[in-house]
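Just one chain is shown here, as structure tokens, and it is the form predicted on its own.
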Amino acid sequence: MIANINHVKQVMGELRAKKKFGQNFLIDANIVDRIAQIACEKERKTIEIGPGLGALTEMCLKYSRDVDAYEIDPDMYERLKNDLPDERLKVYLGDFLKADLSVYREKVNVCGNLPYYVTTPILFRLIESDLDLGKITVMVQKEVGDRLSAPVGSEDYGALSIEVQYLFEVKQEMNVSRKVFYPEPNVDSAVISFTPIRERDHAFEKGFFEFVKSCFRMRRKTLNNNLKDLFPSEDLKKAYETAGIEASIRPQQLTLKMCLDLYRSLKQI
């Protein structure tokens, strides 16, 4: 069992956790098992991001058809291949943000224990890729988990909030104490799941998500200031009227419906 304090300490006597990769390893097998049950489906492939020593990987193999794991640390990559010699596991060495996801032609589930510094880039990468996504389940710092469900008008509400709302039902599955990691981090974590709520329309999403990012490109400016260089002023004025939106609104006041209405209005002009 990889999620075991004695095993992790033994390995860490040979390898050193790298702060630059945000490496903290789960040592509670019950929690790892619960995460895998949430994340995986027996008939489906699971993509795991940042497997580290393989505690979650081991459990994902129990509950998935097969697992593709992306590990950026060469030491962890070698260790993972040696400790989990399962033909249903493929381990790739490299940065998931640069991985070729076009190889996946089937619906996949995605999971991972994501360091703070890559949580947002990875979620954007997943959402804006052409992957046929099943459930996404990630463990993140608790404050990051809170941001993912930030309400309209709050400081943390932004483009990612709207893209996530458009595609998923977001659920905070459980909180995870810092005490079940080694080395122990300075913060607690949360497990967040994203369950699809609509069929993907990648062509529409590409344009809509680019538009959403344009709306938020300068958060302290008005919506009109963010869009005025991208669209003719008369088109914007007409679209605001059609969508029932004030040009002076701030980006963080935009709801998903308002963004959709404004985008569709501009598309029809």
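Numbers for residues come from their place in the sequence shown, where the first is 1. Just so we're clear, the structure is a prediction, and the values are computed from it rather than from any experiment.
The same protein also exists as the form predicted together with S-adenosylmethionine; that form is not shown, yet it is the one meant from here on.
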| query | finding |
| --- | --- |
| Contact test in the predicted complex: F209 vs S-adenosylmethionine, heavy atoms, 4.5 Å | no |
| Non-hydrogen atom contact V144 with S-adenosylmethionine in the predicted complex at 4.5 angstroms | no |
| Contact flag, L133 vs S-adenosylmethionine in the predicted complex, heavy atom cut 4.5 Å | no |
| S-adenosylmethionine contact in the predicted complex: T137, any heavy atom under 4.5 Å | no |
| One stretch from 224 to 232, 25 to 33, 198 to 206, 237 to 245 that, in the predicted complex, holds residues within 4.5 Å of S-adenosylmethionine by heavy atom | 25 to 33 |
| S-adenosylmethionine in the predicted complex - contacting residues of 89 to 106, heavy atom within 4.5 Å | G94, D95, F96 |
